[in-house]
Each structure stands twice: as structure tokens, then as C-alpha cells.
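Structure 1 and structure 2 below are the same protein chain in two forms, each given by itself as C-alpha cells.
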Structure 1
């Protein structure tokens, strides 16, 4: 009986190990598959030419990804600039100042933001953010904008990444030992001075990891950005210009015009680039989180 039970335990352990390994390998399997499908265009055009060319004319065989890469960077950058101060101040308040009652009521609301489908954010952006930029923000700067712009995409994306940055930052702040706060307060520091010079300094690597996680989430977002960014294949020069991020390029065009030579391969190369960037950001965030956990322990 004991030998049979031990055999079951070993078998269950090995099965779970195999499933865990397979789950971890899925990312590499997807990357290999995308690379194999991208090889036709890589065999004809150099990666440098594809990444730094601004000409996107599939019917002429011109596949320059620079407008789409820059569109993704602009929209993600605006989203992060908007989200960082709001999320960090919210996290500081929830972890250092808010009462237990406020935290208990606020957490479900933040979770609700994370659960709203991205298309809802997109519709809200079209109905609220786009007219706001067109009728008020652009005239304020003496220029014209249709409203479908980098700024619209950045605002929508900033709201979408709020839950990620707030949750991770709050957990990092709460993991800072309370003894450090007491030591600072006992020396005569105010509450804000303690937060600024003790808690934030100790938690800074974790805060950076939270921002990187939010950035990777924003970089790969598709539907909401597709609906409000304007989708013009041109390198933008200001936040009021339209943009065409990589995820929107893939979502808009895959499945159409694939009879054009190399078009399918070009779109799958765009998918591979997007996967590589998001994976890079997530690895950096994970490494930083591990380091901050070890330093706190």
C-alpha cells in the first residue's frame, strides 16, 4: 500500500513538472513559429532596413516598420508619463495614509478597472477623449487635431495600466519593514519625509518593476489603441498627431491582402518584434522584483 502511494506521489510530481515545463516553453514555441514564418522577408531584406525604413507600401514590396515602432513608443511613453505620478501617489496614499476601511473599498474598484474589456475603454475613448482633444485641447495649443491621436491613445492606455502599477507598487510599499518607518518618525521626521526618504527609497526597485510591467502591458495593447490612435502610417512629431502602433497594424491587416507577396511574412515579423519587446520588459521587471524582495529580506 505504501509503495503504491509513493508511486502515485512520484507520478503526480513528474506530471506536474512536465506540465510546468510545457507552460514555460509556450513562449519560445510561439517565438520559433513566428520566426519561421518571418524568414521569407528576412531572406530578402535586412533587419536593419525593415526596422529603420519609413516606407510602408506592401503593393510595392516596401515594408518599413519605423512608423509603427515609433507609434507604439509614442503612445506607450505618453501613457507611462500620465500613469506614473497618478499611480504612485495613489499607491502611497493607500499603503501609508488610508484607513483600512478606505483600502477595503478601493481595492475592488481598482480590480474592476483591470477586468473591463479593452473594447469598452476604446469606445469610451472615442466618445469622450477624442472629442475633448479635438474641441478643447488642440485649440488650446493653436492647432488642429481630429482627436484621433497619440494623446488619446496615451490617456486610454494610462487608465488601463492603472491597476497593474497601483497593485504592484502598493505591495512593494507594504513589504518595507515597519521598523524603518518607526525609526524615521522617532528621529523627528514627518510622515511625508518618512515616505519620501525612507519608504520610497527602499521600495524604488520594486516601483521601477511595477512601471516596467505597466509599460509592457501598454506596449502590447491592441483594441483600445486601434480605436483612438488614428492609424496613420507616418512617424509622428507631436502628441496631437495620429499614430499607428504595431498591435493595431497586425489586428487591422492580418487576414486581408495576404495574397500580396511577403505581406504575411511582414506582419508575422511585426508580431515577433512585439513579442520580443514585451518579453524583454517582463524579464526586466521580474529581475528587479526578485532583487527588491531579497534586499528587503
Structure 2
């Protein structure tokens, strides 16, 4: 009887251990799987040529990723520029100024923003942001734009990364010890001075990590960007130009990719590049956040 219970305990332990190790290794398995499939194209072309060539003609066997990489960088850049000030001010407000009541009402709403599927953001972008840019913003600068542009992608992405940046940076602000604030306030500093010189300074690495997490989410976001960015395979030169970010390229060509030689390999290489960039940013941000957490304890 007792040995049966112990056996069950051990057996379950083994199974759980194996599952834990496997899921811990998942990210490596993903990278290896994608690498295996992108080898055919890497065997013919150098990575450098693929990354820095602007000529994208799959039928002629030319796969230059530069327009797409630049498209991703532009869209992500615009999103981050919009998101940083709004998110920082909001998270300072929520963690330092707002009453408990306001905080408890705001948090679920921001969680809800995080839960809205990206297609819905895309639909909203098409219905509201794109016409806004076409009819009001582009004429303001005396140019024409179809509205499907980097700016549209950037605005939609900014809203999509709000919850991540706010969530992580509020947590970082909250982890700054209260004694520090009290010390500053007792010296006669105003609340804003305390925030500016004590809280923000202490929280800076964590805030940067929060922004980096938001940035990498924006870099990999697919559907919403695919719907509003315009998808023209050219290196953009202004925020009112259309762009064709890397994730949109992958998602948009799943139909043709098996009928053109090397096309599938090129797209899976694009996914591998995306994975590598996002992993790089995520690992750095997470390491910084762990450091911040430790330095406070």
C-alpha cells in the first residue's frame, strides 16, 4: 500500500521533471527547427547578402530582406516614440499619485487592452487610423498618403504595447523602497521632485527593460501591422510611406511559398531572424529585471 503511494510519487516526479526540461528547452528546439529549414537558402546565399540586399524577387531567386527589416525598424520606432512618454507618465501616475480607487479601476481596463486580439486592433486601424491619416494628417503636411503607412502601423502598435510597458514599469516603481521616497519628501522635496530625482533614477534600468520588452513585442506583432502598414516592398523614407515589416511578409506569403523554389526557406529564415532579434531583446530585458529585483531585496 505504502510502496504504491511512493511509486506514484516517484513516477509523477519523473514525468514532471521530463516535461519541465522539455519546455525549458522549447526555445532552443524552435531555433533549431527554423534553422534546419532555412539551411537551403543559406547554402546558396550569404547571410550578409540576404540581410542587406534590397531586391526582393522570389521568382528570380532574389531574396533581399532589407526593405522588410527597415520596415520593421520604422514601424517599431514610431510605436516606441509614441508609447514611451504616455506609458511612463501613466505608470508614474498610477503607482505614485493615483488613489487606490482609481488604481483598482484602471488595472482591469489596461489588462483588457492587453487581451484584445491583434485582428481587432487591425480592424480598428483600418476603420479609424488609416482614414485619419489619409484625410487629415497627410494633407496637413501637404503630401498624399493612402493612409496605409508606417504612421498607421506605429499608432496601432503603440496602443498594443501600452499594457506591457505600463505593467512592467509600474511593478518596477512599486519595488522602489518607501524609505527612499520618505527621505526625499522629508528634505522638503515636492512629490514630482521625489519622482524625478529618486524614484525614476532608482527605477531607470527597470524602466528601460520595460520599454525593451514593449519594443520587442512591437517588432514581432503581425496581424495588426499586416492590415494597416500598406505592404510595399520598398525601403521607406518617411513615416507617411507604406512599409512591409518582416512579420507581415511571413504571414502574407504562406500561400505562394510552397510553389516557388527556396521561397519557404527564405520565409522560415525570416522567422528565424525575427526569433533571434526578439530573443536578444527579451533576454537582456529579463536579466536587467532580475538584477533590479535582487538589488532591492
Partner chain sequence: MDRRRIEERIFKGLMIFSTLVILSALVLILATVIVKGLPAMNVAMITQTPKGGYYLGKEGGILNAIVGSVYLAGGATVLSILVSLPVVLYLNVYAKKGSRLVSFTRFSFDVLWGVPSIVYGAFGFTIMLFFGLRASLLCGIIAVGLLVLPIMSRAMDEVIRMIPKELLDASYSLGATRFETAFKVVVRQALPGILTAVLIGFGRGIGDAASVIFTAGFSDSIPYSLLRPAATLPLAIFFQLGTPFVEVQDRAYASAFILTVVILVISVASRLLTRRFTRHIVR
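Think of the rigid core as the biggest set of C-alphas that the two forms share within 1.5 Å after superposition. Positions refer to the first chain, counted from 1. All of these numbers come straight from a predicted model, not from anything done at the bench.
- The form predicted alone is structure 1, not structure 2.
- Put the two forms on the same core and the Cα of residue 17 is off by 2 Å or more between structures 1 and 2.
- In this core superposition, residue 8 moves its Cα by 5.2 Å between structures 1 and 2.
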